[in-house]
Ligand SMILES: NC(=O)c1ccc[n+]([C@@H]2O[C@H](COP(=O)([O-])OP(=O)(O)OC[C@H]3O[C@@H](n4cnc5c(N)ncnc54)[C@H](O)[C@@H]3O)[C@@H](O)[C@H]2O)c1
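In structure tokens, the next block holds one chain alone, the form predicted alone.
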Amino acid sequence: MRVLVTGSAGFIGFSVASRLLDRGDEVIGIDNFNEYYDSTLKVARNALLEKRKGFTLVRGDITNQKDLDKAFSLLTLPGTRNQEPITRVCHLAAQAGVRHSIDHPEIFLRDNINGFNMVIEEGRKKKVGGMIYASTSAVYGDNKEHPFSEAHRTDTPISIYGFTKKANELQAYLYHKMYGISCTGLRFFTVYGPWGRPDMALFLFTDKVLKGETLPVFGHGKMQRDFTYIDDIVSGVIATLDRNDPYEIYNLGGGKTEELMDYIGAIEKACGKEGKKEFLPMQAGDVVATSADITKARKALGYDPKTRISEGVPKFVTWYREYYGI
């Protein structure tokens, strides 16, 4: 299979591309290495991919038509022995972060809505074999029904980020109905693990604990999240690429909601020291709790998340210490 992974230098994109290469697929990556967080981490991820057989990088932006044309031209090259390759688009490039979207809505509208439109439209023109894309648990807004089911209403997001991802889901549905393109959306729930994003709680808390600095604990520590380890997420993404539903949406979560203070406790245990904490109110755009109903993904994809925070957090801390030499 030949797969175009947008956002290939990002946390999830890098992890998916690595797993695809492990099993012998060809991967074309496209990434603009933006500086929402320290781009040296993206450069380091990409350097590992570029050492791999079967990986080709297009250094460019999904909102630039020339860059996108180049990436899709590599995806749709003729196959070997006169056989057309099986092609997929794994669209993971996006502006991320609930709070970042509140301060910079224009960037999210450009990259998450216009960028998505350009990718799915190019996929339609090039007649790719199927497309999956990253959605988010943020589309559920402040849903009071738990666990969150794909059947629940998602028309009341409380952040710009959640709104842009809901818009992606609606366009994917429309393109499937109008043009017959196969589109599957994946609602990710708080993904964490080695090579993770520096703006996420695990990275921030680990950094603060190891440096002896004060941890800002929002929601007075009362928040709950369905933390999902990166390897489990990747297994769901790969299964979705292989299944290639005509149109579908799946929750991909860890299958267990954890207390924020338990998460912090796991970080402290892995770091071998207690962190200083400052308890603060909820931030705009945040929700008290997320909880994924993964029944649908279990049945259709064989999705079976196994990594609990007691195992996943220490793996991240080990990676963090090695990567930063702490």
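One rule holds for the numbers: they count along the sequence shown, beginning at 1. Note that this is a predicted model, so its numbers are computed, not measured.
Missing here is the form predicted in complex with this ligand; even so, the following discussion is about that form.
Of the stretches 172 to 180, 196 to 204, 152 to 160, 240 to 248, only 196 to 204 has residues with a heavy atom within 4.5 Å of this ligand in the predicted complex. Against this ligand in the predicted complex, the set 31, 92 and 96 is in full contact: each member has a heavy atom within 4.5 Å.
This ligand is not drawn, but in the predicted complex it has a heavy atom within 4.5 Å of residue 135. Under a 4.5 angstroms non-hydrogen atom cutoff, this ligand in the predicted complex lacks residue 316 among its neighbouring residues. Contact annotation for residue 62: at least one heavy atom lies within 4.5 Å of this ligand in the predicted complex. In the predicted complex, this ligand lies within 4.5 Å of some heavy atom of residue 188. Contacts between 1 to 28 and this ligand, taken as any heavy atom within 4.5 Å in the predicted complex, involve 7, 9, 10, 11, 12, 13.
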